[in-house]
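Take a look at this single chain, the form predicted alone, given in structure tokens.
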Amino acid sequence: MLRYVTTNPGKVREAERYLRDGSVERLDFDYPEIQAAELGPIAAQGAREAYRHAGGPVLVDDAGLFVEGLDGFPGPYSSYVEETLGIERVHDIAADLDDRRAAFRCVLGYCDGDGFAASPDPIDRGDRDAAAAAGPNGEGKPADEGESADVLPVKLFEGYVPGRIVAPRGEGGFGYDPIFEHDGETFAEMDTDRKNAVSHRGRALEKFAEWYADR
């Protein structure tokens, strides 16, 4: 059974659109989230922590809004910025920009304790703290300098949807949805099926499901 680590049942329902019915369930696990300038390392470390907790295949996601004219801000800090500044303030900041292009990005991290064959999708093998603690043979002895630290690799799948920042519109969605316009509609103006069909998470899930079918 694949466990999707989230407190949001809607994410699991979205995953079920791409995976077989009954093959994924929600795992409510509050893993410590590292600070990083990119989504990949955050999702990868979360997947490792979740795998250690669950002892089986897990899927973790990290997502953010990246505004071109703000050098990608708020990016990986999107949740914190939403909680502290609010989406209206983000719109106000972006409204003065000549370039209001933006994108929602999502990175899924998958870990099942085994390695992965090479493919176009990236693999994060950066779990060096765990490798140093376990030693080269997992016996608690320090790894020799230059010893491989390739433990608990995580497969990463990215989804991306372009758009632009606009004044808040729409009653649906959550987070930054009211100020993110894609193809003439904000995410908050779209119904669930329409939003899922074009969402960054949906695009990442589609890539993951195609790969996972042969796992």
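Between two forms, the rigid core is the largest collection of C-alphas that superpose within 1.5 Å. A residue's number is simply how far along the shown sequence it sits, counting from 1. This is a predicted model, so every value here is computed, not measured.
One more form of this protein should be noted, the form predicted in complex with inosine 5'-triphosphate (ITT), which is absent from this view; the next part is about it.
Open item on the list: Please tell me which of 163, 46, 153, 64 lies within 4.5 Å of inosine 5'-triphosphate (ITT) in the model of the complex, judged by heavy atoms.
Closed with: The residue in contact is 64.
TODO: Only one of 69, 170, 175, 40 comes within 4.5 Å of inosine 5'-triphosphate (ITT) in the model of the complex by heavy atoms, so just point that one out.
DONE: That would be 175.
Task: in the model of the complex, residue 11 touching inosine 5'-triphosphate (ITT) (heavy atom, 4.5 Å) - done: Contact check for residue 11: yes, within 4.5 Å of inosine 5'-triphosphate (ITT) in the model of the complex.
Task: inosine 5'-triphosphate (ITT) contact in the model of the complex: residue 110, any heavy atom under 4.5 Å - done: Residue 110 lies outside the contact set for inosine 5'-triphosphate (ITT).
Open item on the list: Would you classify residue 189 as touching inosine 5'-triphosphate (ITT) in the model of the complex, given a 4.5 Å non-hydrogen atom cut-off?
Closed with: No - in the model of the complex, heavy atoms of residue 189 and inosine 5'-triphosphate (ITT) never come within 4.5 Å of each other.
Open item on the list: Whether residue 79 contacts inosine 5'-triphosphate (ITT) in the model of the complex should be assessed with a 4.5 Å heavy atom distance threshold; does it?
Closed with: Residue 79 belongs to the contact set for inosine 5'-triphosphate (ITT).
Task: Partner contacts in the model of the complex for 177 to 215 (non-hydrogen atom within 4.5 angstroms of inosine 5'-triphosphate (ITT)) - done: Sequence-ordered list: 177, 195, 200, 201.
Task: Rigid-core frame, C-alpha of residue 11, shift of 2 angstroms or more between this form and the one not shown - done: Passes the 2 Å threshold, so yes.
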